[in-house]
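One chain comes next, on its own, written as structure tokens: the form predicted on its own.
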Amino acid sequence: MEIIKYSKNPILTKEDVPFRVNSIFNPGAVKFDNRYLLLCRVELPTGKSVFVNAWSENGINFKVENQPCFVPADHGKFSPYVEWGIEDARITRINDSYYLTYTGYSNYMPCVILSETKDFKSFNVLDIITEPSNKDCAIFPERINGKYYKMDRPAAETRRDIWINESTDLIHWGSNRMLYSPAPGTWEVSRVGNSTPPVRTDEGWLFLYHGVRGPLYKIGAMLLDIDEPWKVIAKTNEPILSPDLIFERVGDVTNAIFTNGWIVEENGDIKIYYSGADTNICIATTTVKELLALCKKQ
């Protein structure tokens, strides 16, 4: 088994949303209350994005709720920083809380917002945890040597690298280190960014990342040291998912596969929820064993 795209993709389009939207895409993903949950980004007719829940018993057939669950107006004193929308949530469970890291967009450029929920009905906005311009942020699911860690992707002049930093309280972050830079002359040369929250494996922290060359967005995998997560152990030199189907190539953002949500089952099976061309939600399946083998092989 390698990475298999579901033959009946896409599994969600705007026709599946029971209220008017331009598109549905880029969901965070988690198992919650014995069901599969996608926290989907939907773009409203105004052009601004909000979040809506979609639920499934089997991880493939999802039903979208009748209204958004989380919108910019829910952000209180942080509302000026999400005035243009909230985008692309990553979900990390720590103890009995679920932490969302997502992009807040406004006239002040993109920055990362941290919110907490226990039920995906009400959300507590904790703080802005990066300065602009920054996005593609994911938190590790446990403390490492007493510290929380997160990855993000600051924009610095022409640089678009993945960075890692640490915190004692999830709010104040420091000890910034550059984690990974795009490989020159390859499929990721233009920029890279974190895609999914990392998961612990016997061989290190495994996560997906995206790479861009020109207009082409593709997905790779990376493995970090379990005790020193700022060290890259192995990675895929070739993409594991690429846009090659019509609904992945034609849409609001052409030639783009993007993911910020996956579910790793207890038996090691993986469901990757990705979007094609920013207009739908699709699924691909693989295993932890397969991704580790691809990282080490390449």
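Since we're looking at a predicted model, the values are computed, not measured. One-based numbering along the sequence shown.
What follows is about the form predicted in complex with a small molecule, which we do not show.
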Is Cys69 close enough to touch the small molecule in the model of the complex, meaning at least one heavy atom pair within 4.5 Å? no
Would you check, heavy atoms only and a 4.5 Å threshold, whether Val253 touches the small molecule in the model of the complex? yes
4.5 angstroms heavy atom contact with the small molecule in the model of the complex for Asp88: yes
Test of understanding: in the model of the complex, would Trp262 fall inside 4.5 Å of the small molecule by heavy atoms? no
Would the small molecule be touched by all three of Asn26, Lys135 and Phe258 in the model of the complex, meaning a heavy atom each within 4.5 Å? yes
